[in-house]
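What follows are C-alpha cells for two forms of the same protein chain, given separately as structure 1 and structure 2.
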Structure 1
C-alpha cells in the first residue's frame, strides 16, 4: 500500500513576530514547510497532504513548484487531532502507513521517516511514535513505559510529577506513523476534555492501548532532528544544524571549505570534487558547480550553472551560466540570462544582463553589457557600456568575433559591430560598423598653450584680494 504523509502547517507562529506564516520563513533558501515535504517524498511517501490554515494562500504559493501536493484547509484550528479529522473529512478514508509531520520541524531526515514506517509495518502497529532524548526535556511530553519497557502512554510536561520531570528523559517528538485505515476509523474518539478544548493526536496512543491495538516507539538517533522552529532564534539554530549537515556531505564528496561555518549551501545545490568554496559564500536554488573551481569569497550564486575550472570571486549571479575556465570578479554582477562561454572573463565592477559573452572574450572592468550577443576573442575596454534601453523598449547589440572596443565607449542599441572591427576610445557608436573597420566618434582635441598657468595666477590674485 502507498505511504501517506500529512504535514501540519496551519499555525500562525506568533513568536516569530511576523506578517507571514511561520512555515514560510526560509531555512537555507527554502521555506520551512518545504523541508518535511522533501523529506517525506525522499522517504518514499507517495501521497503528501499539507494542512493549511493561517496564511493558507501564502503557504500554497511557497509549495507551488512541488508536484502532487494536496492541500486541506483547517479553517478553525482546534488542535492536531482536529487537523487529522479535517483531512479525513476532505479526502475520505485512506489506507497504508500514514506519517504525521510538522511544517515547522525541518530537520527530520528521510531515513528516520522510512525507519518509522518500517517499524509500523514490521509489527502491524496502529501507531508508532518517534521519540528522542533532548539535552533539556523541559516542555516536552514524556514517554511512560510499563515494567516490560513497553509504551504505556505520554504525559505532558505540565502534568508530570516531580519524579517524572526529574527522571524521565525520553520525549515525544510529535511525529507518528499510523495505520491509515485504523486512524481514519478511530480519529473521532479523541475528546476535547482539556483546558484548551482542543483535540490532540497524542490521545490516540491511550485510545489504542485501551482498544488493545499494538503501539510502540522508535528512538531517533539524533535529537537535533526534532528541533522545532517557533522563533527567529530557533530558526537560526535549525539553520546551523542543516548547514553543518550539507557542508559535511559536500566535504565527504571531495569539496574543500576553508571555513565551513562561513559557507551556506541550499539543499538542491550540487558541487563537483576538488572545488574550493571560500568564506562568506552562499549557493542557493538549483545552482550547480563543476570540478576544480574556486568559488568566493563573498559570493552569492542563485540558480546558476558553473562549469569546470572556473574562478568566481566576489560575485553575485542569478540564473546565469558559466561554461569552463571562466573568470568572474572581483565584484561582478551577473544578472538573469548571462551566459559566459569557455575562457570568457567578467572582471572587476562588471555588470552583465541577458547577454552571451563568446569564447575567450573579456569584459575586464568597469563595464555594463546588456542584451548583447558577443562573439569570440572580443576585448571590451574599461568603462564601456551597451546602451540598451531607450526609455520604453530594450534593444540588442551584436558584436562579432575579434572586435576590440576602446575604453569609455558607448554602443547605442540597436547596433551591430562586424568581425575584427576596432573602436577608438571614448566613442559613442550609433551606427553599424562593417567588419574590419575602424570607428571613431569624438570631438577634435583643442589645446590652448599657457592657459593653465595663467588661470592659476588669476586664482591666486583673487584669493589675495579677498584678504
Structure 2
C-alpha cells in the first residue's frame, strides 16, 4: 500500500507579522514548507498532498520546482482537522498509511517519519503520534495520559487548565501517521468546541480512544527535530539547528571550516573533501564545490558549480561555472552564464556576465566582461571593459587566443579580436582587429619642457598679488 503524506500549509502565521505566508519564509535558502515535503519524500511517501489557503499562490510558487505534488485548497481556515477534511473532500477517501505533517515543522528527519509509519503498521494503529519534550512547552498541545500511562488525548495550550499547562511536559509534535481508511471514515466526528472554535486534528486521538481503536505514541529523543516555527525567533532557532546538522555532515565528509557557526550551506549543496570554507560564506541552491578548494571568506554562491582546487575569495556568484584551478576575487561578481575554464582568473573588482573565459586567461583587475567569448591565454589589462549594451540591444565580443589587451581598453561590441592581437593601453576599439595585429587608438603624447614649473610660479605670484 503506498504511503501518503499530507502537509498542512494553509495557515497565515500571524505570529510572524509578515506580508507573506509563514511557510514561504526561508530556512537556509529553502522555504519552510519545502523541508517537510522533502523529508516525506525521502521517507518513502509516494503521494504528497500540500494543503494551501492563505497566500496559496505564493506557497504553490515556493514549491514550483518540486515534481509530483498535489495541492488542495482550504479556502477557509477552520483548523488542522478541517484542513484534513478539505483533503478528503477534494481527493476522496484515502487508503494506506497517511502521514500528516505541518508546513512549519522543518527539522523532522526522514528516519523519524519512517519509524512512525513502521509503528503504525506493526500495531495496526488507527493513529500513531510523535511526541517530544521541548525545553519550553508553551504553545504546544500537551499529551494526556491515563493512570497506566496509556494515551488519552491531546489538549491544546489554549485549552489547558493552569495545572495542565504547568504540569505536562510531553508535547504533540504535529506529526502523525494515520490509517487512511479509518481517518476518512471518522474525520467528520471532530467538533469545534474549544477556545479557538477550530476543528483540531489532535482531537482524533481522543475520538479513537473512545471508539476502542488502537492509538499509540512515539517519544522523539531529539526535541530539536520537532521545533515548530511560529515566530521569527523560532525561525532563527530552527536555522541554527539545521546549520549545525548540515555543517557537521560536511565536516564528517572531509570539509574544513574555520568557524562552522559562520558558514551557511543549503540542503542541496555538495562540497568535496579537503575543501576549506572560511567565515561568512553562504552556499545556496544547487551549488556544488569540488575537492581541495578554498571558499570564502565573505562569499555567496548560488546555483554555481566549482571544480577542484579553486580559490574563491570574497566572491558573489550566481549560475556560474568554474572549472578546475580557477581563481576569483577578492571581490569578484560572477553573474549568470559566466564560465571560467581551467586555470582562468577573475580578479579583484571584476564583474563577468554571460561570458566564457578560456583556459589560463586572466581578467585580474577592475574589469567588466559581458557577452564575450574569450580564447585561452588572454590577458585583460586593468580597467578594461566590454561595452556590450547600446541602450537597446546587447552585442557580443569575441576575443581569440593569446590576445593581450592593454589597460583601460574599451571594446565596443559587436567586435572581434583575432588570435595573438595586441591592443595598446587606453584604446577604444570599435572595429575588428585581425590576428597578430596591433591596434592603437589614442592621441599623440605632447611634451612641453618646463611648463609645469612655470605654471606653478605663475599661480603663486597671482595669489600673492591678491593679498
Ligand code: UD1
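Between two forms, the rigid core is defined as the largest C-alpha subset superposing within 1.5 Å. Numbering follows the first chain given and starts at 1. Source: prediction; values computed, not measured.
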Which depiction, structure 1 or structure 2, is to be taken as the form predicted alone?
-> 1
Does residue 163 move its CA by 2 angstroms or more between structures 1 and 2 when the core is aligned?
-> yes
Does the C-alpha of residue 141 move 2 Å or more between structures 1 and 2 once the rigid core is lined up?
-> yes
Can a Cα shift of no less than 2 Å be assigned to residue 19 between structures 1 and 2, given superposition on the rigid core?
-> no
Inter-form CA displacement between structures 1 and 2 at residue 459 - rigid core frame, Å = 2.5
